[in-house]
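Look below for two forms of one protein chain, each set out as C-alpha cells: first structure 1, then structure 2.
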Structure 1
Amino acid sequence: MGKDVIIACDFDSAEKTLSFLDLFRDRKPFVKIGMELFYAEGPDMVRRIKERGHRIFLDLKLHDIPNTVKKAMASLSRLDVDMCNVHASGTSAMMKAALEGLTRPDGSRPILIAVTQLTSTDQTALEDELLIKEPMKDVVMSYARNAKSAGLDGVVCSPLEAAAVHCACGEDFLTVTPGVRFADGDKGDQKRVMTPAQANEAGSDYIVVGRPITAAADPVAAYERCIKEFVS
C-alpha cells in the first residue's frame, strides 16, 4: 500500500465540496469527509463523491459504548467508504466492537483506524485538562498498541509520532497523520506539525491536508506540491 495525500474536504455544503473537486478534472484525489460536511449533507454526500471515483476517508471519530459503536459501524459499512475511524480512548472493547460491526457478511470491510491524541492537543492540555500525566509520546504508543491488539489497521497520530508507532506496532500498521503544513504556511490551530517532506521522512503512510490545499489560491497546484514533497 503506497503513500498518499488525503485532502480534508472541510466544507459546509455539497455545492462547495463538488465545486472544489471539479477543479481536479481527471484527477481523483483521496478525500476526507469529516463531521462538518457529513452533518451538513448526510450519507448522500458520501455516495455522490464515491460515484465520482474518489476514495473516501470518513472521519467521524466514533466514541461511545461498544454496542452503539458496533451498530453505527454496520451502518457506515454500507456506504462503501475506504477508511473510517474511532477514538482509541474508547477502550479495546469498543474498538473490537467497531471492527465487528464494520465487517460485512462476505468478510470485506473498510480500513479501520483509531485516533490517538488530536494534533491540536499539546502536553500542557494533556496534563492540565485531560489529567494524563504521562508524556504525549508514551500515551500515543499505548493507544496504538491497544488499537493493534484490538485488530485495527492503524492509527491517526501526529507525524512526530509516526516512526515510533511503526517501531512499536510494525511497518504494516498504518499511520495517518494530520498536522501537516507547508514550511512557508500558517499552522492554524495545529500544535504538533511537520511539513509533507518531514512527514515522509518520519514514516507517515498517509498525510491529511486541509486548509493548505482547500484555502490555497490554486488548490490543484497546492495538492501537486503535497504529492511531490510527500510521495516523491
Structure 2
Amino acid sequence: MGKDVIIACDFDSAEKTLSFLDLFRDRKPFVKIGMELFYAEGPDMVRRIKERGHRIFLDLKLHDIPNTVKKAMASLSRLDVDMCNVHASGTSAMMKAALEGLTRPDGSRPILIAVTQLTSTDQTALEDELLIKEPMKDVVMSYARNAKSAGLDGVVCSPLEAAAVHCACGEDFLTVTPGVRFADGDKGDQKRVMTPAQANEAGSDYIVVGRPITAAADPVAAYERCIKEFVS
C-alpha cells in the first residue's frame, strides 16, 4: 500500500461534490466522504464517485454493539468503499465484529482503521467526563495497540503521533493523518499542523487534506502540490 493524499470532500450536496471532482481530469484522487455528505446524499453518492474511478474513504466512525457494527460494515463493504473506520473505544469485540462484517465472501475487504480519541477531546474532558485518568498520549497508544490486536489495519491520528504509533504497532500499521497545511497556507481551525513534506518525514501513510485543496483558487494545483510534497 503506497502513500497517498486523500481529499476530504466536506461538501453538503452531490452537485458541489461532483463539480469539484470534475476539475480533476488527469488523476482521480482518493477522496474522503464524511457524515455531512453521506447523510445528505446517501449511499448513491458513494456509487457515483466510485463509478468515476475514485477510491473512497468512508469516514462514518461506527460505534455500536458488535452485532450492529458487523451488519453495518457488511453494507459498507457491498458499497465497495476502499477504507472505512470505527471508534476504538467500541472495544476489541466491536472492532473484530467490524472486520468480520467487512470481509467479503472472496476474502477481500476494505481497509479498516480506528479513531483513537477525537482531537476535539482534551485531557480535561478525558478525566472529568470520560473518567479516564491516564495521559492522552498513553490512551491513544493503548487504543492503537487494541486496534492492532483486533486485526485492524491502522488508525486515524495526528501526523505528530505517526512515529509513536508505528513504533508501538509496527511500520505496516497505517497512520491516516489529518491536520495538514501548506507552509504558506491558512491554518483555519486546525491547531497542531504539519506540511505534507513534514507529514511524510513523520511517517504518515495517508494524509487527509480538506480546505487547503477544496478552498484553493486552483484545487488541482493544490492537490498536485500535496502529492509532490508528500509522495515524492
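What you see is a predicted model, and the numbers here were worked out from it, not measured in a lab. Counting starts at 1 with the first residue of structure 1 and goes up one by one along its sequence. Just so we're on the same page, rigid core means the largest C-alpha set that superposes within 1.5 Å between forms.
Taken from the form predicted in complex with ligand C5P is structure 2; the remaining one is not. Superposition of the core reveals a Cα shift of less than 2 Å for T103 between the two structures.
Annotation: Cα of L126 displaced by at least 2 Å between the two structures, core superposition.
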